[in-house]
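Presented below, as structure tokens, is a lone chain in the form predicted alone.
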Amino acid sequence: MLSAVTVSLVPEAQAGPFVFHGNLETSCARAQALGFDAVEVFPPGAESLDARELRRILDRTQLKLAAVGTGAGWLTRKLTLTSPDPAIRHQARQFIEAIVDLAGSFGAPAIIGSMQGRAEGQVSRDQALRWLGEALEQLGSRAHIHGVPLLLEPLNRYESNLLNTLDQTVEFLDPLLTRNVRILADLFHMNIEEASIPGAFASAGTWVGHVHFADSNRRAIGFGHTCVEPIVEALRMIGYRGYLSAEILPQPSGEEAAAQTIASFQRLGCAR
């Protein structure tokens, strides 16, 4: 398994669960110095990331791009794939398509988390899931062009009423025609929703495409009460070789959260 750390470039997400904020070059240099394999970037939009500059920074720091988040589409523009307004659903797809293309050019997947939206008002859960499925068919096929999966993240019940567990998400994804959508499993959300986190991973198997490595309180592993050893063992049992990415609160500071994450990798035998 490989290590990654989150970098947010969205000013409105200053209070969010991202280790580093602001300057991309400085954040990547800090990630390299601590020993991470990759960064997961949360940009305001695809147009805000200069691909040549990003490549230069990654080459200089010898880091990979683990994934690119799309959540700013919801946070700053209120776009979702399940909005009752067809124009907003269309804009949401366009926003995600641009990030799929940008991330894909680096061999990295795009993440759909908060942009999946929720069932509310006159939009039933069944209708929202139909719209979400239609969008994933299109976006999964687009990601396939780049040879990367599309990542869908189940969220806890306080953030979404669509898909909360890995089993629910597998059941939703399995009938789709596209075979190119994988699950982003976030340990923070799983701590709330799953009866057994190791059991959920064992059941989901190869559907797992990315893991957010967070403790029960959304701080770095070791700063909460999650027993992570059985989780790592379950990931090994299903043959998971992807990223464990620290999408966590920068507490006590970003630097300390990142250092604690690397220490947990080493303790668990996940570090290269």
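Counting begins at 1, following the sequence as shown. Source: prediction; values computed, not measured.
Just so it is clear, the following notes concern the form predicted together with L-Erythrulose (LER), a form of the same protein that is not shown.
- Think of it this way: in the predicted complex, L-Erythrulose (LER) has a heavy atom of just one of Glu159, Glu120, Glu134, Asp101 within 4.5 Å, and the residue is Glu159.
- When you look in the predicted complex, the only residue of Leu155, Val148, Val170, Ala72 with a non-hydrogen atom within 4.5 Å of L-Erythrulose (LER) is Leu155.
- In summary, the region of this chain contacting L-Erythrulose (LER) in the predicted complex, judged by heavy atoms within 4.5 Å and restricted to 123-131, 161-169, 183-191, 77-85, corresponds to 183-191.
- Among residues of the shown chain, Arg218 is one whose heavy atoms approach L-Erythrulose (LER) to within 4.5 Å in the predicted complex.
- Residue Glu247 is the only one in 242-256 with at least one heavy atom within 4.5 Å of L-Erythrulose (LER) in the predicted complex.
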